[in-house]
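Coming up is one lone chain in structure tokens, specifically the form predicted alone.
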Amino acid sequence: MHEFDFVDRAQSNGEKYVLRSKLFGNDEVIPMWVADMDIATPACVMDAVRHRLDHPVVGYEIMRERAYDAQCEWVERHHGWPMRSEWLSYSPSVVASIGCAIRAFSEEGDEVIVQSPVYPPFYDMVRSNNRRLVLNPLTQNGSGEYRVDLEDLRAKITPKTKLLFLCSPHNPVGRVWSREELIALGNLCLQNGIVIISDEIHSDIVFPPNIHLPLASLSPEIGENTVTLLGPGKTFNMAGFSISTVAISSQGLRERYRAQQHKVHFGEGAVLSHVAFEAAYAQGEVWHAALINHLRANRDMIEQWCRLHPIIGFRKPQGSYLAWLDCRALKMGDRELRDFFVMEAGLGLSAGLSFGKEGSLFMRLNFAVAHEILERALEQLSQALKRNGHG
């Protein structure tokens, strides 16, 4: 089987499948919501795990230094950042890392800036750790491209502002931030003593000519003020291994983070995760290149479909495998829009409102599927629009 052919996950206990009835009231919808891929995890990863299972003991193990080195080499090769293995800490997930960083670099009642619309756990982790959520909504220019609103950000900074969350590349809007945007944001936070938590989990899913620039790579000063969240989960479709890393070049920030990490005892993770992590970064190059081509073809398919159905707005994502569909012209409310996609089109998407009020009347579609599944989904949406007078 080719890695990008249809993969039947319906019997695998995959989250996006088993939760269909609970979330959509219907277990027949094509699930295109949670951000993992209906694409086979690379054979090099699965082969490495099988080989490790030939050993009769699966006990406590630590991450091999070679595994961290493999990630550092990948990041320098793909993104030009000479990340060092001693900067890295294991984490089971980006969300766990966010919670740990909030507690390490702020106190209860401090302010944390979140740029909406954005990945929902950003909001949840701020609130659940008793910090004050401050929104710095993204704006759209005349062509619909999202931008950071630096003037709004400046106006909202106070002495209590301790952290800013950056999503780079951005989930759900698909922006790959430019050097100028990142430097301006990084310097503003530096000037105001605000540590940046940069979620770069989608950094390897970027479509040429766009280039992902790790925030911490842009200057030594910005690097010393940045906590970078990375991992193989999105890149290689291996979120189920529950392994990611936190890169902190500043010794002072690193010590504060690791002190907090010690309190929650992440440990070193699981042996099979270590093996999968190392294999992905050391051997996944060819697979990754083919993946980008596959996803780019799917992205282009959506763009072509939207040209034929202009009532749904679409700006091609520069990064990620997530399509941010502008459904405002359908003149539906958020609940009505969600019901339309589920009941009329048979699609289980993420409602834009779940990413913040700025996502109202948008829908997020995960296009990391086989070509034929995307074709079927778009045809179902075409027929639903036609039945509702939008043909």
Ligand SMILES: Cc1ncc(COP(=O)(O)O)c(C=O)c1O
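Sequential numbering from 1, following the sequence displayed. Treat the numbers as computed from the prediction; the structure is a model and nothing was measured.
Below: the form predicted in complex with this ligand, not depicted.
- Proximity to this ligand in the model of the complex holds for none of 206, 235 and 290, with the criterion being a heavy atom within 4.5 Å.
- Only one of 262-270, 198-206, 101-109, 126-134 places residue heavy atoms within 4.5 angstroms of this ligand in the model of the complex, namely 198-206.
- Of the heavy atoms in residue 95, some are within 4.5 Å of this ligand in the model of the complex.
- Although the partner is absent from this view, residue 167 contacts this ligand in the model of the complex, with a non-hydrogen atom inside 4.5 angstroms.
- The shortest heavy atom separation between residue 345 and this ligand in the model of the complex exceeds 4.5 Å.
- Contact between residue 48 and this ligand in the model of the complex is not found at the 4.5 Å heavy atom cutoff.
- Note on the partner interface in the model of the complex: the residue among 70, 35, 327, 351 having a heavy atom within 4.5 angstroms of this ligand is 35.
- Just one of 119, 87, 74, 241 comes within 4.5 Å of this ligand in the model of the complex, counting any heavy atom, and that one is 119.
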